[in-house]
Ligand SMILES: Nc1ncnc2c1ncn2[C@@H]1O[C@H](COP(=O)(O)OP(=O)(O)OP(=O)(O)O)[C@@H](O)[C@H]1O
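Taking the form predicted alone, here's one chain by itself in structure tokens.
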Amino acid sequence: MSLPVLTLGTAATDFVSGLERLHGPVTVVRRCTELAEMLAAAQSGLARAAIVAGQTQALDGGVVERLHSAEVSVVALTDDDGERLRLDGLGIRTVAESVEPEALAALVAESAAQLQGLGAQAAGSGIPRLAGLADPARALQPRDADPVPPGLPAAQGQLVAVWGPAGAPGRTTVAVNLAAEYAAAGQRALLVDADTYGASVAAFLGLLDESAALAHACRMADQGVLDREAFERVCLKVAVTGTTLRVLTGITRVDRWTELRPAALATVLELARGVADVVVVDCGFSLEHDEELSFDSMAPRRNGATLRVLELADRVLAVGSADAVGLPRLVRALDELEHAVPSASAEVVLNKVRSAAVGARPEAQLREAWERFGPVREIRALLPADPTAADAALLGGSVLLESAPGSALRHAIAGLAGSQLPAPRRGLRRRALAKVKF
């Protein structure tokens, strides 16, 4: 059976006649003159492969993702070594423009077969491998089926996602201080701000950064030019008690969320795992699938970044406020998480534990309430409210281990990082759990 193929570019006419003379194994079903025409034809299911010649600059991560979501593989013809290297970074097969028709047909068939094989491999997991910008389920790709992009180191580091429901439960406070604790323990730590609603890591650390480092990295990944050297240049370096914490700051305006596309973000995180022992990601709260906004279209999804991070994470910390409002929110959010990202197994972290909101013996009462009304999972950590220490850290643009190293809150977060610290003085712990008014 002949493989249906699309072509793009004015230079396409040079090889189409040669392919047609072969009378198989590929058949050119449409010659497209514009990228939009090729994407529309691919979305219609007209072809299983596309050949691009003379207009390879139009190919980026977003275009490749759209074609792959339609199960269309891509082969590019170029004699430019720099362009070939860029396309290789996007996972696109390249060949010289003077290629013989037989060799081109074989390469196209091989590329299509490889893409189809990866899709079949992921089918058994119940989640399609190929990401689609308009379909949240198709954006969740199982890690085992994802090939490592060319030129990227094999992933080694642990990816920790800090997530939680709406209502300011303290996700950023936990993420920033958790990353600092990992760094202080001697591990190569990287902090990533992937919140598409309220990125605040830069402000938390007192960084006067207007570059939106994560968005910059995603743009380079989308173009296929992000390598280890470029990644190191994008990262900001923050000194933390004798060591260095690397940071990818978030978007500077909420309307820039479109720059954090799931496919590009996945490439950035894959590279981050290769250069850091631990990658801590501060996520947005929303898991909404945006069906009404992206129905029957290929529009980017605002919550795609959060969903992608949670699906890729080795560890998910679900942070909720320990009060009458925050606890039910966390319970509902965990149920949403189970349906949105079935592979994520969240560890429950209750933040801002204080007797003023819960009553006497707050820790015991919270555990009892969770056993009665919460999901079937244990509470991983109870973080005491310590507004004095938290405010001092925020005011100084520092982390707790610098501004309040003996605070009970700092010790509790260090426990999440696996650090064994001497128990805080009893007076400090009493003050942290004392009645606090906000």
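One rule holds for the numbers: they count along the sequence shown, beginning at 1. All values reported here derive from a predicted model rather than from experimental measurement.
Missing here is the form predicted together with the named molecule; even so, the following discussion is about that form.
Novice: I need to confirm a contact call. Of Pro328, Gly206, Pro342, Gly198, which residue comes within 4.5 Å of the named molecule in the predicted bound form, counting heavy atoms only?
Specialist: That would be Gly198.
Novice: Here the chain is shown alone; which of Ala369, Val29, Leu394, Ala58 has a heavy atom within 4.5 Å of the named molecule in the predicted bound form?
Specialist: Checking each option against the named molecule in the predicted bound form, the one that comes within 4.5 Å is Leu394.
Novice: Sort through 233 to 241, 91 to 99, 166 to 174, 310 to 318 and report the only stretch with a non-hydrogen atom within 4.5 Å of the named molecule in the predicted bound form.
Specialist: This holds for exactly one stretch, 166 to 174.
Novice: So in the predicted bound form, does any heavy atom of Pro387 sit within 4.5 Å of the named molecule?
Specialist: Taking the distances in the predicted bound form, the answer for Pro387 is yes, it comes within 4.5 Å of the named molecule.
Novice: Contact between Lys352 and the named molecule in the predicted bound form at 4.5 Å, heavy atoms?
Specialist: Result yes; Lys352 sits at the interface with the named molecule in the predicted bound form.
Novice: If you check in the predicted bound form, is Leu409 within 4.5 Å of the named molecule, heavy atoms only?
Specialist: Leu409 belongs to the contact set for the named molecule.
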